[in-house]
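Shown next as C-alpha cells: one chain only, the form predicted alone.
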Amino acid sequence: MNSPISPLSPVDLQNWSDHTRVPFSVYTDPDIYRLELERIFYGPFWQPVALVCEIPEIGDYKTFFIGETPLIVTHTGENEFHTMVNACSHRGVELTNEFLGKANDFTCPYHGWVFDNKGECHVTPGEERFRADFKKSDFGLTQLRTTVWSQVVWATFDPATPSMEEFLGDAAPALRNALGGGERPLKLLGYQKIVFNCNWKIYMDNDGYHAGLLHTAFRLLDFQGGQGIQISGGTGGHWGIDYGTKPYEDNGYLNDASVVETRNNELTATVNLIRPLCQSVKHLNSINFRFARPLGPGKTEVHYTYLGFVDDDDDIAEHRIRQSANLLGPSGFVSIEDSAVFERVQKAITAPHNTVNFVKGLAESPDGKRCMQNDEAGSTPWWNDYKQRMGL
C-alpha cells in the first residue's frame, strides 16, 4: 500500500510479519509517530471534531485538533458547518485559543487580518503596499472536507476519504445507537478532560477482555455481561458492540445505589471504537463521546464529552450527569484503573524485541471481524490495516 519504512528503523519492525503480534517500538518510535500523522491522521479517515450540540447555534464555534493540526469548527448556516485550520494564512498565527465561542469573524492578533467564519479573507491592513498580484480570495483559511453524520461533525484532510457509511461499514449501527439513533436531539451536559501517559494506540487497544478482570467495580456490582457480539468493519477496522444490561440489585457495596439505577428502560448499552482515535460509550443512563488527540508518541489527551437528550426532564438529566461523573469518566469508580494500566504499559514497552500480543477470540474469529464481547480479537483488523497502511 505504501513504501516500507526506512531501513534504519528498529530491527523488530523490519522483521514484523504477524499483525496480531505488535512490536513494542510501534508504540514508542518517534519516526513511526511522524509517519502516523501523515498516513493516518492526515490520511483517508473521517475524524470527529465536534458534536452539533456543542455548537448548536449559527455563529457558534469550537476549536480542536486532528493530529497536531489546530482547527476551528464553525456553524455557519442551517445544517452547514465548516472546518478550517486555525492558522492565519498570512504568517501562520493561531487565530483563536478559545475552546468554545461565538463569532462571525476571526481577527489575527499579529497583523489584523480578518477572516469570516467560513474562512474567507476580508480585511488585510496596509494592502496598498502589498505585492501587485495580491488577491484576498487567494488567502482564505485552509479548509477540510466536512460532513455531519448522526449529530457528529466529521472532518478529513484527504479528498479520497470515502462516504461516512462506507467509512464506518458494519460498525455504523452500534455508533448510531450510542447517540440515540441519530435522530433524538442530543444535549451537551459537560466535559472531563485528561492526559493519559501513553501512546494513542495503547488507549485505542481497548477490549472487552479486561473489563471484568481489571475493573473491581465490574465485579462488585455484577456488571459482567459478555453476551454481546463485537463487530468490526469499515476503514481501519472500527468496532462496535450492542449488549443488554440488567437492572442493578443492591448488594450493599454502595452507600447510595441510585447512582447505578437504569432509568427510562435504557437497558441497551454500547461501546464503539472509531479509528483512528475516538471512543463512544453508553452504559446505564450515561452517554459519553470521547474526542482525543495524540500529544507526541507518549501522551494522549482525551475529552470525555457527556451527553443527554433535549427532551430529558430535569430528573433524568441530573441522573445522567451524576452517572457520567461517577461511573465511566477518567476517574469514575467503574473505569478508574484504566489510566494506571495505560501508563504501566507505556513504561514497560521500552524493552527491545518484544511484542504486544492479541490472542483471545482468534480461535473462533481468525480475522477478528465478529467475536464475543469479552474478546480482544476485534482489535486485529485495525492492526492488519495499520501494518499495510504504514508500509511496515
Partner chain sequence: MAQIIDASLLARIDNVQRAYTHALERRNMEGWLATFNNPGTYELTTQEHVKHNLPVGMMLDDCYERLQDRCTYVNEVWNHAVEHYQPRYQIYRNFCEMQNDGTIHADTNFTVFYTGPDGHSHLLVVGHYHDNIIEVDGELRFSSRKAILDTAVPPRYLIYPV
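Because the structure is a prediction, the values reported are computed rather than measured. Positions refer to the first chain, counted from 1.
There is another form of this protein, the form predicted in complex with the partner chain, and it is not shown here; the text below is about that form.
Between 43-51, 349-357, 30-38, 328-336, the stretch whose residues reach within 4.5 angstroms of the partner chain in the predicted bound form through a non-hydrogen atom is 328-336. The closest non-hydrogen atom of Val114 lies beyond 4.5 Å of the partner chain in the predicted bound form.
Of the heavy atoms in Thr96, none are within 4.5 Å of the partner chain in the predicted bound form. When the partner chain is considered in the predicted bound form, Ile321 lines it closely, a heavy atom lying within 4.5 Å.
Contact annotation for Ala340: at least one heavy atom lies within 4.5 Å of the partner chain in the predicted bound form. Interface residue among Asn264, Thr147, Ser258, Thr245 relative to the partner chain in the predicted bound form, by the heavy atom within 4.5 Å criterion: Ser258. Checked against the partner chain in the predicted bound form, the residues Val123, Ile229, Ala103, Val195 give one hit for a heavy atom within 4.5 Å, which is Val195. Along 159-191, residues Leu188, Leu189, Gly190, Tyr191 each place a heavy atom within 4.5 Å of the partner chain in the predicted bound form.
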